[in-house]
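Presented as structure tokens, the chain that follows is alone, the form predicted alone.
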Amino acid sequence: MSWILQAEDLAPIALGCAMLGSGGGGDTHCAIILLGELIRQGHRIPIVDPAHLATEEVILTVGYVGAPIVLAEKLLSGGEIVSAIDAMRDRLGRPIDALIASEIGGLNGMVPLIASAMTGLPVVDADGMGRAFPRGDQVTFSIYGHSSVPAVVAGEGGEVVIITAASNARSEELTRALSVQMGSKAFSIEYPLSGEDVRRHAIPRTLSLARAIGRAISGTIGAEARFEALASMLDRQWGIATRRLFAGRITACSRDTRGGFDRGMIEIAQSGTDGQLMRIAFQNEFLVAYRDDALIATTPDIISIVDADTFHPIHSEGIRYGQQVEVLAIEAPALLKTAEALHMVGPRAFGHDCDFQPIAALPA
């Protein structure tokens, strides 16, 4: 079903995007501020169901590339996105019909909405990850054979760079290097797709899913009630399994920035001397979780750490010693669980010596 974004949708979508981000994707606060103002000014943001796309239409992925922490000091202007879309239209030599999120997780789930308000282009209710991953070539479009090029990277200083490369992996490397030169605050427009490409290989209706998650969490009081509301809604309306993995206090968090990624390990302890210990490894996003020595959840399933009182997701860069948290896991979309996908987004793709452990197999 297609719909028009309303101001009252922003907070639920932002909350849902944060939950689907698995600890990554960037903070959504700046997007709420900018989108709220754009809607107040009368900008219309249409959301289109992927089933309604015509085969010959051209759809572009839109994403933020850089360090999310930069946005805490320098808010989005959105002008970079418009410059990138204009450059891609000129390069392709034809109009652009719609935009789609590269990933629904975190800020990037909302970046196409900003672009839509500024260009008038509709946003497809879908994305290329169903969550967030560290690399731009870990989208389903790349996994299932679509080229990311030509790609356009634009910075706030007016720079616009068009990339052609022999592989999606190389295009991703160049995009990330350009982002660093642009102050770790840039936007990429890539993966020119047809309507048929999107219908076959996008994760469908993830904006609607994010909104439903946000509404379920914010519509109840207390962690227990919020989890039950979330799990019930996801199972009943979406056929998605959700598991409550752990509850405790953050007792350690080691991190190191290497290769442009924030990597580390989080430890969460239950109260009492005999309490269990959970360890969660991350590379921007939470990737694998161990309860004591038992592997309990892995990417591509979504591991989310939430505040024990508010049930709001905590980003990996926001983890602090002493926080009381709960750990949840949400089942990944089917397109991320094939052999082709697990080669790119399973735990071994991130250097972990283990195989995918589906949380749907765990007791409810």
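These numbers were taken from a predicted model, which means no experiment stands behind them. Numbers for residues come from their place in the sequence shown, where the first is 1.
Omitted here: the form predicted in complex with another copy of the chain. The next part is about that form.
J.: Sort through Ser232, Ser271, Ser254, Thr164 and report the residue having a heavy atom within 4.5 Å of another copy of the chain in the predicted bound form.
T.: Flagged contact: Thr164.
J.: Could you check which residue among Gly145, Gly158, Gly222, Gly120 gets a heavy atom within 4.5 Å of another copy of the chain in the predicted bound form?
T.: The residue from Gly145, Gly158, Gly222, Gly120 that makes the contact is Gly158.
J.: Can you work out whether another copy of the chain is within 4.5 angstroms of a heavy atom in all three of Ile280, Val306 and His312 in the predicted bound form?
T.: The answer is no; none of Ile280, Val306 and His312 reaches another copy of the chain.
J.: Even though another copy of the chain is not shown here, does Leu178 get within 4.5 Å of it in the predicted bound form, heavy atoms only?
T.: Although another copy of the chain is absent here, Leu178 would touch it in the predicted bound form, with heavy atoms inside 4.5 Å.
J.: Any of the heavy atoms of Met182 lying within 4.5 Å of another copy of the chain in the predicted bound form?
T.: It does: once another copy of the chain is placed as it appears in the predicted bound form, Met182 has a heavy atom within 4.5 Å of it.
J.: Does at least one non-hydrogen atom of Ile250 fall within 4.5 angstroms of another copy of the chain in the predicted bound form?
T.: Ile250: no, not in contact with another copy of the chain in the predicted bound form.
J.: Would Arg91 count as touching another copy of the chain in the predicted bound form under a 4.5 Å heavy atom rule?
T.: Residue-level check for Arg91: yes, a contact with another copy of the chain.
J.: The chain here is shown without another copy of the chain. Which stretch in 99-107, 214-222, 124-132, 168-176 comes within 4.5 angstroms of it in the predicted bound form, by heavy atom distance?
T.: Single hit among the candidates: 168-176.
J.: Where, within 116-149, is there a heavy atom within 4.5 Å of another copy of the chain in the predicted bound form? Residue list please.
T.: Nothing in this stretch is in contact.
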